[in-house]
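As a starting point, one isolated chain is supplied in structure tokens, in the form predicted alone.
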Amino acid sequence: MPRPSSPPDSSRPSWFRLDNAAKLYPAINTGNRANVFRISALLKDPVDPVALQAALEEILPRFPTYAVRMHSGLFWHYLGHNPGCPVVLPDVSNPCMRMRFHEKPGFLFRVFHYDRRIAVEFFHALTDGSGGLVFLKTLLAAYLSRTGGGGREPGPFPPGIYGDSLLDPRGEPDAEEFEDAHARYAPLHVTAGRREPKAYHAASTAEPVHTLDTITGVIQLDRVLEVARGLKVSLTEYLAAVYIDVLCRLQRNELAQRRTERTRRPAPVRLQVPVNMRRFFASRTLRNFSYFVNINLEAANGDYDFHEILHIVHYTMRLGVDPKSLAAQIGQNVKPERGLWLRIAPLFIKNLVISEIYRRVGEPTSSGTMTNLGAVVLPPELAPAVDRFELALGPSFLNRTQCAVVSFENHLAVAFTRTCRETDIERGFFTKLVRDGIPVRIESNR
């Protein structure tokens, strides 16, 4: 049986408020909107599940904000210490399924293994991709110290490999790792409104609930970078433009099939691109600290070719990551929870209000999401044991296809997850890459 995680001592809080971003997720947690994401490492050697379980038990006390379960208070959800440790499980055919808070053991993350893969799934109220990556890298280090790998014999790693992105499990948690960085950096008097009309959503046929199909394109990173640099844009901007181009083509085809004498104005195509706020504001938080840039293309203005889309994406992204603008938008999120009416409203009222607001002005305002976790860097003691990393997003209700990107060394993994039968978006996306001279190897869970 897994040994219990260390109980909270006087230097560690025994419970945590949800950070500002996390307060949304318990209210909208459903089977077709799970708000779960997965980060995986594909190793060079098969995984030893016994060693992986021991590694998880070793590192969990170093992450007190992860050794928790969800509680429902009178006014807010909160995270309380969860004794014990999750059991490492064989991987499943449908990843990123809903987490039910009141079922035992109640942890808000899961650890899976299959062949050479170690995968960790997180409920988004716990952390974002950057925080989850720190956890996975720390787990890998503890695991590889037991098993060796990449030509290295088992044994402790030198202290020099540890830092903010790879934690020493023997160290003590720092208070800054617990902080709600949104509240810390939100301006008190400056906010940015973001009322946007509903966006285009690709027509699709829903798969049964609790079904998630994945298609991953494995690509040579240097080849994609060569193409992106030739177009004078970043990797994220190039991939986002490809995604938007595919959505625009799908919308035009749908409109052509449905055209009548009184055609409605085409909805805008709007792609949501999450941004790691730690790039702009100093924070070591292991909780949520990300925001997003909305790239908007007004389809009613006419047809855009790829280079026109690329131009819009490039300048929208550059303007969207202005720190002052990002801070104002954080303030827009933090401002309501400072209001008296929201503080005194019972939790069930808050849940109803949050859920309804999200249903009306959350998901409907984007046509899809493309998140890029960036380049994963490992110390030279660990890197030879790892082949590549992968990132996958869980199910979404309206936008049934999502895209997640991560790279390691010269491997770029672009993973599409979908809850619909149609593969038009993935097919169009990877076809465009191949036409641009970028070879793609396709893998799927089906």
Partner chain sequence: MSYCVNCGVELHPTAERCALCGTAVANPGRPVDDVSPKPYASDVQPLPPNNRAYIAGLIAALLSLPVLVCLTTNLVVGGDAWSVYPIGGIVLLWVLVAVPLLLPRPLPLVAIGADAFAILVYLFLIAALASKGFDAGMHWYLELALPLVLVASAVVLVPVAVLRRRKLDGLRISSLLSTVLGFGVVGVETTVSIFDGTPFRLSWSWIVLASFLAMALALWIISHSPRLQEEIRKRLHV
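Only a predicted model underlies this, so the values are computations on that prediction, with no experimental measurement involved. Positions refer to the first chain, counted from 1.
Form predicted in complex with its partner chain: not shown, discussed below.
Stretch 107-115 is the answer when you ask which of 233-241, 107-115, 157-165, 363-371 has residues with heavy atoms within 4.5 Å of its partner chain in the predicted bound form.
Heavy atoms of every residue among 94, 97 and 423 are located within 4.5 Å of its partner chain in the predicted bound form. Between the options 216, 288, 251, 138, the residue in contact with its partner chain in the predicted bound form by a heavy atom within 4.5 angstroms is 216.
Interface residue remark: residue 170 is not counted as part of the site for its partner chain in the predicted bound form, having no heavy atom within 4.5 Å.
Shown alone here, residue 153 lies farther than 4.5 Å from its partner chain in the predicted bound form, counting heavy atoms only.
When contacts are judged by a 4.5 Å heavy atom cut-off, residue 14 does not count as touching its partner chain in the predicted bound form. The closest non-hydrogen atom of residue 359 lies beyond 4.5 Å of its partner chain in the predicted bound form.
Residues 423, 426, 427, 430, 431, 434, 440, 441, 442, 443, 444, 445 are the ones in 416-446 with at least one heavy atom within 4.5 Å of its partner chain in the predicted bound form, listed in sequence order.
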